[in-house]
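The form predicted on its own is given below as one chain in structure tokens.
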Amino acid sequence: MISAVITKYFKELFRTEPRIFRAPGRINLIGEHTDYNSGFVMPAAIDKYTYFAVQKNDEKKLRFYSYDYKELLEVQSDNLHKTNKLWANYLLGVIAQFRKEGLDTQGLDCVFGGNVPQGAGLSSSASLEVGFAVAINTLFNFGLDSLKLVKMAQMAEHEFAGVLCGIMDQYAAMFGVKDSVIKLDCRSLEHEYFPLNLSGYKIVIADSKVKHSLASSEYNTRRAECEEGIKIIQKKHMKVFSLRDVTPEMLESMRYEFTPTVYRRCSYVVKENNRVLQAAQCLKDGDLHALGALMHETHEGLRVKYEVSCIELDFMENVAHLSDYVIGARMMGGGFGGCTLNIVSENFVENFTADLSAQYKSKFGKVPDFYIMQISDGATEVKN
């Protein structure tokens, strides 16, 4: 087990007994790029985790060891600053948020690592932030509630990693419940659980093994384009505060006041919010095929209107969409690489992965990685 390996490394490095925590990655069933527009999303925690072995030290030093990168970083606890190691900045960013609350972590040792695939759109960064925030809060008895920790983890990514992410990833990593998806209102931060009954089907993640360099910069650009759209709409509709408040009719009536690009971005988000609400009804009705149709619509919106897909993701989604084994598929995550999410007949998972592998290799010269996901609980301490 990964937790045992992390514990072993901690004891060898720091010669003390650690406490162990873990936080999951996440999938997002539907509702992409709506979270930072105060909309609706439908994520779920998965059974892939980042594990943390942590303990206080009396040396006023912050010492981190990344098991995955085999790198050690040590900084003075009173000299908190960004480093040239991105993985370390996520952790330091979390500590900085506690400092803003007037909570001093002083000395801390940490070894961490896990099996959340990186670069696949499964939110390994949120897993890192949330798990570390829970570990610190518990270890030092700070007593902050879970929602506060989620917000702090989000701000750590904004301020130390430079990605202006919405709150969905961190929220799912914290509040996930086994065998359920979360319909999250990203404005009120209220949520509702919907059992995900996949009887006869499996969630299969197909990793394109592509990560285009555009991802981070274009993410921030999309956010700015949506904000530009809101400013235009507010000229006639002063009670509109985000694309969450915009109806398709409202958007269409003002269509020619937008640039074509900003119109496409806003149109996608408005329709995607509605698709999340429709998906919730599909889950209530137990209609997975209708849910699958909505997933395909989402992919097409991300490809044509939001323009965050890429040829590899489009190819994989199209193969899945045409397959008799698959009832729903779409790209997932920020875009420009990463993975597709597929709902596949459990009796044909091997057929599906073999078919997609062969076609993808023929087209792009590489084979996707595949992960069969179970829906999991959120961040927690791991008891012996």
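Since this is a predicted model, take the numbers as computed values, not measurements. Numbers for residues come from their place in the sequence shown, where the first is 1.
Below: the form predicted in complex with alpha-D-galactopyranose (GLA), not depicted.
Heavy atoms within 4.5 Å of alpha-D-galactopyranose (GLA) in the predicted bound form belong, among the stretches 329-337, 313-321, 342-350, 47-55, to residues of 329-337.
Proximity of C165 to alpha-D-galactopyranose (GLA) in the predicted bound form falls within the 4.5 Å heavy atom cutoff.
Among residues of the shown chain, Y219 is one whose heavy atoms approach alpha-D-galactopyranose (GLA) to within 4.5 Å in the predicted bound form.
alpha-D-galactopyranose (GLA) in the predicted bound form is approached by Y36, whose closest heavy atom lies within 4.5 angstroms of it.
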